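Below you will find one chain, with nothing else, as structure tokens; this is the form predicted on its own, and questions on how it binds or moves follow later.
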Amino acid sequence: MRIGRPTLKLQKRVYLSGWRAASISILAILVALLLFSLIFLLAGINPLTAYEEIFSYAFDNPFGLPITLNRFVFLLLCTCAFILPYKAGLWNIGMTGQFYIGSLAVYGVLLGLGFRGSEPVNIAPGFVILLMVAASMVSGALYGAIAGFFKGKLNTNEIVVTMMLNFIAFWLVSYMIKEGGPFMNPGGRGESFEMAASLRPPTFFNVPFTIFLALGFAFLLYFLLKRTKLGYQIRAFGLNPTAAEYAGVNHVSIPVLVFLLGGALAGLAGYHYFAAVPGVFKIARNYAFFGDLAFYGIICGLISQGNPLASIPVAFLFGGMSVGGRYVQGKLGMSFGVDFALMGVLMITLVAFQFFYRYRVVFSNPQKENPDARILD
């Protein structure tokens, strides 16, 4: 017989099932919403009323839902662009720059073909759309490959390189669309010229075909990482680059490849938002906002534990919460930045709860012969 007080201790998990990980994430979301309720209470607003407005507009409103889905596509592409290098043990912080370069390539195609706001002549619009999609992906891939090359060849810090590339791309966009730039709007506004109406892609419930591309790439990426030899090499390189190189994995080609593919997905996000989302069809003057939004792909990738399929609901949630947060800010007359604050609390809580992905709380009763009789999962 052991005598003593019951104690709590942490026990490292050997295995975490999918449904257990999902339940932990759901609990984290509920805790985040509970914490953010304090903001609504301080503003004199009933939290239940506020959350009803957020969720109903973002996920059930005929105007809000398409905005959520379009933002979801953008976030999913940026998340997948982060996940692929992440599985190789590398950090792609350059989705923003790759997204900008992809956007410039799209309008570069239009300018090169002479379609600066004009309708295409003697060229099928479908071919031009295909050309724009390809240009966005190829340009994003090549821009991303710069960081991969320097990492593989010179072992430079990929975080520093990608951040520098982000700044270069940002100011390049600024030059191209501002006064005197090749893409300047004819009206002199700080945005690019508008795309011709015939080049606007078909939509399904105000959502362009890029939603199918994003979902398809998420499934394809999952299959690549889990079921192919290349995926095994990428994961092996991420776990131990030295051992992987000893086993025959090329230490230069893997960084270049993962950044190349990741950049292609981020570049496609540029086509999606500035050439496919209804009501935009130009590099908008608030392009910096979408560049900042690309960083949420890092958070979505970390929360989903680098699983492209798990990132689908995470990206959808973040897309909806960002849209609903902005809506409730105006609807209830709250101060600017409610949507960013809500997203911040949600991100911090979800990341913090990842602790329970690796550990579980065990209730130990020393009065029994067999301790650890109760496990708080």
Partner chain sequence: MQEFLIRSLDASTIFTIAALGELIGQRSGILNVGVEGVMLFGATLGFITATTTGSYMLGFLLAIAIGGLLGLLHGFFSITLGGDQVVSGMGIWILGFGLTTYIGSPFAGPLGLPRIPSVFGLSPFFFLGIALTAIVWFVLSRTNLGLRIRSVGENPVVAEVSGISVTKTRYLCVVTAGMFMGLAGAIFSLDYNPVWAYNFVMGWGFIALALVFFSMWNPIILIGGSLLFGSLWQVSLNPQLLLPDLMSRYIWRTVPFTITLVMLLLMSTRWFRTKWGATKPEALGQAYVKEG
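Since the model is a prediction, treat every value here as computed from it, not as a measurement. Positions refer to the first chain, counted from 1.
In what follows, reference is made to the form predicted together with the partner chain, a form of this protein that is not presented.
Segment assignment from 236-244, 198-206, 86-94, 216-224: heavy atom within 4.5 Å of the partner chain in the model of the complex: Result of the contact check: 86-94.
If the cut-off is 4.5 angstroms on heavy atoms, which of these, L33, M347, L65, L309, is the one near the partner chain in the model of the complex? If I apply the 4.5 Å criterion carefully, the residue I get is M347.
Contact residue in the model of the complex, chosen from M163, I123, L142, A134 - any heavy atom within 4.5 Å of the partner chain: Contact check passes for M163.
Give a yes or no on whether each residue among F167, F295 and M343 has a heavy atom within 4.5 Å of the partner chain in the model of the complex. All of them do, each having a heavy atom within 4.5 Å of the partner.
Evaluate N250 for contact with the partner chain in the model of the complex, applying a 4.5 angstroms cut-off between non-hydrogen atoms, and reply yes or no. No, N250 sits far enough from the partner chain in the model of the complex that none of its heavy atoms falls within 4.5 Å.
Flag L154 as yes or no: does it have a non-hydrogen atom within 4.5 angstroms of any non-hydrogen atom of the partner chain in the model of the complex? Yes.
So in the model of the complex, does any heavy atom of V338 sit within 4.5 Å of the partner chain? Residue-level check for V338: yes, a contact with the partner chain.
Heavy atom of F212 within 4.5 Å of the partner chain in the model of the complex: Output for F212 is no: heavy atoms all beyond 4.5 Å of the partner chain.
Of 41-75, which residues get within 4.5 Å of the partner chain in the model of the complex if you count heavy atoms? Heavy-atom contacts to the partner chain in the model of the complex: only A43.
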